[in-house]
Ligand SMILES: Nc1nc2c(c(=O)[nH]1)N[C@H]1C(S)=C(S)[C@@H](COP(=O)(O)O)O[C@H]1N2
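The data below hold one chain only, encoded as structure tokens and taken in the form predicted on its own.
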């Protein structure tokens, strides 16, 4: 709803607060339940001390509705109503003096989506498309990351799909084309998987020299419990025709991208063998709740072990073919591009690299001498974590204790109990090794698009 700032001013001689009855009447009128009955939402109010001025922020369908609500305040003094915007709305529209863009009902309002992300505690990098990361301290401590704090990566506007009319189509080289409603999907066998998703660009800002793309820190990763239908069951219902080896997954999001004259849809492809090995899921719930629009409502693909670009949100179409997908985000983006031995080499972004993050201590934290715990999370796309090693002030590597059961598809908590005997600077480093034998490098190899930065994480603190 439109946002307004209301300024009420009265003279000292007619201050309604000096009359207990008038003061109580205005106070009751301004209450949230009273405002709601008038079609107004009060976001906050305050009186400037000694000035006989009241300011409050309100939402209403239009100014006429708000003006009707303000009748008691006009009777007590003067009222000024100013059209307003949230800070997120100003950034989304491109400046304080820019007019808010018209938002199609087919998409979420970027300002509203951004405001929700900010209030949930995400570090927002960009309003359009909305991209925000989780703080490293929020990553550890619970089995999963709360939905509101789960990082967001988008390439286009966020679709606002209607779950009642939604259909998932499955076509191409299949024996039976399918058009599945959400009710159809809910009636199929359901499974729940705890899966860590990581943006391939996580850690991009730590590469040097700098590379183009979203300047992620280390929080473009989160874990959730996803519930839905095993993808393989839907494909088997459709039946594969001879020669069918590849699947293209098409989302409802799309738009213009550099190098293309016409709008494109977001598409990614995987082979039939890859989705079977990964145990891919068509998810409609996240941490026991219905998917939210920013996370792919009403249906998204979850591909355990793979960088999250494979887990297509707002999934509307699955096309079975005999050729690999050649879409923009398959062939032009999400490739490692290295310069090696004077020549160019490239390889597709696939499984997540092995990585450990330190969640405690925090960067710059002051720690007392004595017993302390070094904690964090570690994960890999190639297998579960076999060990995490920690080094203090470039000392020898010490093996941390792995906490909880090992899961191939989800991160592993770890901790190292140690004693800090001397005051002064403390540098904590952590590296992970997975069951496939992969260990984090001291520094990940630089690549042109800044993918897969799994350099050893280091946090500096102070022992006092």
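Numbering follows the first chain given and starts at 1. Just so it is clear, the structure is predicted and the values come from calculations on it, not from any experiment.
The discussion below concerns the form predicted in complex with this ligand, not included here.
- The three residues 223, 355 and 411 each lack any heavy atom within 4.5 Å of this ligand in the predicted bound form.
- Of the candidate stretches 251-259, 105-113, 233-241, 87-95, only 251-259 has residues whose heavy atoms lie within 4.5 Å of this ligand in the predicted bound form.
- Not displayed here, this ligand is approached by residue 294 to within 4.5 Å at the level of heavy atoms in the predicted bound form.
- Among residues of the shown chain, residue 379 is not one whose heavy atoms approach this ligand to within 4.5 Å in the predicted bound form.
- At the 4.5 Å threshold, heavy atoms of residue 166 stay clear of this ligand in the predicted bound form, well away from it.
- The shortest heavy atom separation between residue 153 and this ligand in the predicted bound form is within 4.5 Å.
- For the candidate set 375, 387, 300, 204, a heavy atom within 4.5 Å of this ligand in the predicted bound form is found for exactly one residue, namely 300.
- Only one of 350, 311, 287, 359 lies close to this ligand in the predicted bound form, with a heavy atom inside 4.5 Å, and it is 311.
- Interface residues of 330-349, taken as those with a heavy atom within 4.5 Å of this ligand in the predicted bound form (partner not displayed), are limited to 334.
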